[in-house]
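One chain comes next, on its own, written as structure tokens: the form predicted on its own.
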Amino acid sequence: MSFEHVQSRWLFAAVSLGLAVAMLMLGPGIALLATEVAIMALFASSLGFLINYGGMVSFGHAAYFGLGAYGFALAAAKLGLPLWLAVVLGPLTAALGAVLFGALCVRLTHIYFAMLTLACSEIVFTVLFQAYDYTGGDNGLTNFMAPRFGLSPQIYAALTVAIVALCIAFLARIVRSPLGLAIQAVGEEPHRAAALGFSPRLVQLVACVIAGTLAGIAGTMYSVFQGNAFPDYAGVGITIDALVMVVIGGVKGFYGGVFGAIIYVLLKTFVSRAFTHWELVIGLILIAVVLIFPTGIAGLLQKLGLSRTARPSGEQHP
């Protein structure tokens, strides 16, 4: 383990701890905004992991976000389970969905993989929308608990930042591990990886389960944050948001999802307050960002020398 690696890990831990402590000192409004940014950062990072390292573009990643939210909400609202157990069941539900859908989707490649993930997401959305007796249909599941477990916005923001930091640190560890190198090898040259003895479908399935589980954790935290769950959480709109975050942040950077989430959530929050047709304004801003910085924020930081590497592998670590 190199000195730079140890230094990077301690720096990441110190920054994460500092952010968690800072959440306790913010006003309620800023704390709520920071919570949403952190949750979306985890969700976008899970999709960025699939795209950047696994070479798999998913148009249906919101399926796992929705499964995590409804896994928690159904366990708490319908089964009457303790909230701590419901929180565990949320990500587990997403992981099971990732195993099922992943095993189906990895049978195809490129655009066919992407379209099949979209179909899986639509299946989840339709089931959640149609199963009115269990999911509440388009009304969703509401008023079954106090938002954020009744915690103050500052405390829940600190808790969320800590959990997200742990999840991203876990993802960085995966990227640096032999498994992460296998995922990158299959994502870049599946035929060559197969010649080396890897099973491309199995490796891709593992990557899908890791990304789906992390997306499920984000969905669970978002459901706790809002105190509700709606079918739209599994809709294509959530996936598009995550794709935009990844592109803005940079598909070649490990922290691209984090950078993209910060920029995108802040844009949606403040631009919507200043303009009536805020979607148009955000669209124009995003087009400008992509045209000016085609490699995203991560690529820009690398050019400025503020980031050591775009894609960590071997001795280059996130």
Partner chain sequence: MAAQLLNGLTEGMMLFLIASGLTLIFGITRIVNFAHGSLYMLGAFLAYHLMPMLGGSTVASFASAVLLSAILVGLLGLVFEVLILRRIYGADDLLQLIITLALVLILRDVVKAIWGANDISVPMPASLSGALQIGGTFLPLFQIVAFAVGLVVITLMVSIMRFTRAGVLLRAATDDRGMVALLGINQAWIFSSVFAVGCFLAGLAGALAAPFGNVNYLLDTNIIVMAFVVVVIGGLGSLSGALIAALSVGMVKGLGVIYFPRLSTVLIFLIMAAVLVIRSLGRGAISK
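Residue numbers count along the first chain shown, from 1. What you see is a predicted model; the values in this text were computed from it and never measured.
The following text describes the form predicted together with the partner chain, which does not appear among the structures shown.
The partner chain contact in the predicted complex: V251, any heavy atom under 4.5 Å: V251: contacts the partner chain in the predicted complex.
W84: touches the partner chain in the predicted complex, heavy atom cutoff 4.5 angstroms: Because no heavy atom of W84 falls inside 4.5 Å of the partner chain in the predicted complex, the answer is no.
Proximity of I51 to the partner chain in the predicted complex, heavy atoms at 4.5 Å: Answer yes; at least one heavy atom of I51 falls within 4.5 Å of the partner chain in the predicted complex.
Any non-hydrogen atom of I240 within 4.5 angstroms of the partner chain in the predicted complex: So I240 counts as contacting the partner chain.
One residue of V127, V99, L166, L92 in contact with the partner chain, assessed in the predicted complex (non-hydrogen atom, 4.5 angstroms): It is V127.
Among the candidates V247, A75, V209, L159, the residue which, in the predicted complex, approaches the partner chain to within 4.5 Å (heavy atoms): Of V247, A75, V209, L159, the residue with a heavy atom within 4.5 Å of the partner chain in the predicted complex is V247.
Residues of 258-292 having any heavy atom within 4.5 Å of the partner chain in the predicted complex, listed in sequence order: T276, H277, W278, E279, L280, I282, G283, L284, L286, I287, V290, L291 sit within 4.5 Å of the partner.
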